[in-house]
Ligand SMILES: Cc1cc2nc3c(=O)[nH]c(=O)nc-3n(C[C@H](O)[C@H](O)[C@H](O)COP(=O)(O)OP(=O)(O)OC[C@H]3O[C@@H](n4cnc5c(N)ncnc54)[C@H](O)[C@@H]3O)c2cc1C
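Here's a solo chain for you in structure tokens, the form predicted on its own.
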Amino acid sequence: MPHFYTEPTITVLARPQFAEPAHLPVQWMGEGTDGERLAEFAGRLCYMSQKNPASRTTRDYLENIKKQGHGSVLEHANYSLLLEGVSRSLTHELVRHRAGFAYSQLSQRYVDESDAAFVVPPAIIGDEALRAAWQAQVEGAQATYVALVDRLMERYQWVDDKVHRRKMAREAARGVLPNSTETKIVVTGNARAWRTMLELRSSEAAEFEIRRMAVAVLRAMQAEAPAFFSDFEIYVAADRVEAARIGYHKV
């Protein structure tokens, strides 16, 4: 039996490491992560205000940056996340966000999907009849995939390189796998790019699965770098599904 995901898993893989230059020290106040301090340093450099004349904490400083719309300094802080338990349907939408992002996704040409997992569409969770009909289809598609790989391996017996033969078989057979097939993807983006993506994909207008992922990513990023994402509010929308709204639009 394949595994079925009903929630994504979000793992922070990498975060900024800030090395303050000794000849341009900042009069820091309050708490701040390396990413937040990096953005503050970059912003202060523009005006040579390292002495912090307004006596702002790092998070107050970045709150003002967001309020003023000076989002360019947020582009210095990059975060890499591993997303698991998401569907290939979702990633087709996610990778449309190009500016400020890098992506590395599981390859169905090389990875055997005979025991692939699947992501249950949020709209059918809780309805046993709908889930049974959907599950029968995805399990049937997976069985067809396995059978096709076996037959294609026989068809391509003349290919001496077994690794290449498997790739040829899997790349042909993967066409029967549904968009609900689970995938894994590493996403790196700067804080400004993450904010833009989350504003769009956590909104009530977003498709349910990517909206669920965006809310999960937002929670992870609010814990990781709260000053960058403190103006987002998570709430339960009229459709009874969590969504989020942003305080400072398109910083």
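So that there is no doubt, residue numbering starts at 1 and follows the sequence shown. Computed from a prediction, not measured in an experiment: that's the story for all the values here.
The protein also exists as the form predicted in complex with the named molecule; that form is not presented, and the subsequent description refers to it.
Residues placing heavy atoms within 4.5 Å of the named molecule in the model of the complex fall in a single listed stretch, namely 94 to 102, out of 94 to 102, 134 to 142, 67 to 75, 114 to 122. The partner is absent here; in the model of the complex, the one residue of 48, 54, 205, 223 having a heavy atom within 4.5 Å of the named molecule is 205. Proximity to the named molecule in the model of the complex, defined as a heavy atom within 4.5 Å, holds among 26, 200, 215, 38 only for 200. Contact check for residue 249: every heavy atom lies farther than 4.5 Å from the named molecule in the model of the complex.
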